[in-house]
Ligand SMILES: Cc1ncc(COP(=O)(O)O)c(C=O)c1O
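So this first bit is one chain, no partners, the form predicted on its own, shown in structure tokens.
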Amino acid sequence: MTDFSELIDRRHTNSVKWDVKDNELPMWVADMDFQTLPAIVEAIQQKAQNGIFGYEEVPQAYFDAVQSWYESEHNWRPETDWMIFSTGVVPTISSSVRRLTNVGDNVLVQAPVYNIFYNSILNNGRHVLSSDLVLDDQDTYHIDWRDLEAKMAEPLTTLMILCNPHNPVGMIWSADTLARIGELAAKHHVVVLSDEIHGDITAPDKGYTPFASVNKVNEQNCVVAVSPSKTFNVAALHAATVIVPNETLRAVVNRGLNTDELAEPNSFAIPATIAAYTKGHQWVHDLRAYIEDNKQTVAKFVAENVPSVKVVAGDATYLVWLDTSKVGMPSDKLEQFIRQETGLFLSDGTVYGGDGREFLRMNVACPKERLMDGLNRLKQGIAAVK
């Protein structure tokens, strides 16, 4: 199994995350600093030994592996007939926006939310409509249900992109919450596109609920996108699965994926995914424990050493949402200031919309030694703010 404490030098490897100056420490993009499951490497090596990399098709074994994984890890057994292979969750979102909405329609999101959602909406000539999440006095986000329904009821709102679990705030939506979203969406004829790419990364004693698993109403009015990319740190393999239980909706999404040339795998995507979903259970459980320990380390360090910053507790993702509202500098300027002062590269919360202008996002999926380096740089950077 992978040693999650091993420091691996990723500089000069064409890594987007590590394309930084020598003195800089990147803790921004959602890309882990851990080597992937050894069985994935072995599957890729075995495939490479064939020496022929022609056009690939998706075998039944791929869909069986996805089904088995979601049944054992998330108590949901989606039918394999509901599944479509795609080269990625974001390409699926963009394609679905084009197919399930019309130019000028509203696409509903819940800000602060993954910033690429905005690109998928705006780049396709649709309008972003946000029902912002509300941070309460207990530092927990909740949904403004009255606002959400009002925006679903707008005639031009035809699609909602749900982040389940939520990036960047780390929320795991309960089954009751998902049922209520589904009920409102069905009432107002809004299709729910549920991005569940972070579903495997939760605290060891927690689990997430797939949107379609809640009830028949949800099941028949959704498009669910999942992938091993975040879970196993294999984003560059470009593999995802789109799960659409409703036959009519599935036909529309399938046509879009094929029209957009997103339904054909590369040579390594299929064997790597099968290896992940059939041999990766213990690895993921170990990963979740390591990440949770890192998150607890961050919370303790910040509370004791950076009193002007608060950690918003989240049970999902390997991303920590840092409330910097008391620092006295907007997060876009604060992110730049900390990077210039210390070399620590975090994500500016402004790009996520909503109240993100008062937050920074930190990626803690790294060895403990690197995490402590980042935390000490954070302390130094905040202390330098005048």
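Sequential numbering from 1, following the sequence displayed. Please read all numbers here as calculations on a predicted model, not as lab measurements.
The next section is about a form of this same protein that is not shown, the form predicted in complex with the ligand.
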| property | result |
| --- | --- |
| The ligand contact at residue 30 in the predicted complex, heavy atom, 4.5 Å | yes |
| Contact test in the predicted complex: residue 114 vs the ligand, heavy atoms, 4.5 Å | yes |
| Interface membership of residue 88, the ligand in the predicted complex, 4.5 Å heavy atom rule | yes |
| Partner contact for residue 229 in the predicted complex: the ligand, 4.5 angstroms, heavy atom | yes |
| Listed residue that, although the ligand is not shown, lies within 4.5 Å of it in the predicted complex (heavy atoms), from 178, 192, 257, 197 | 197 |
| Sole residue of 163, 212, 121, 274 within 4.5 Å of the ligand in the predicted complex, by heavy atom | 163 |
| Candidate stretches 142 to 150, 263 to 271, 89 to 97, 302 to 310 - the one whose heavy atoms come within 4.5 Å of the ligand in the predicted complex | 89 to 97 |
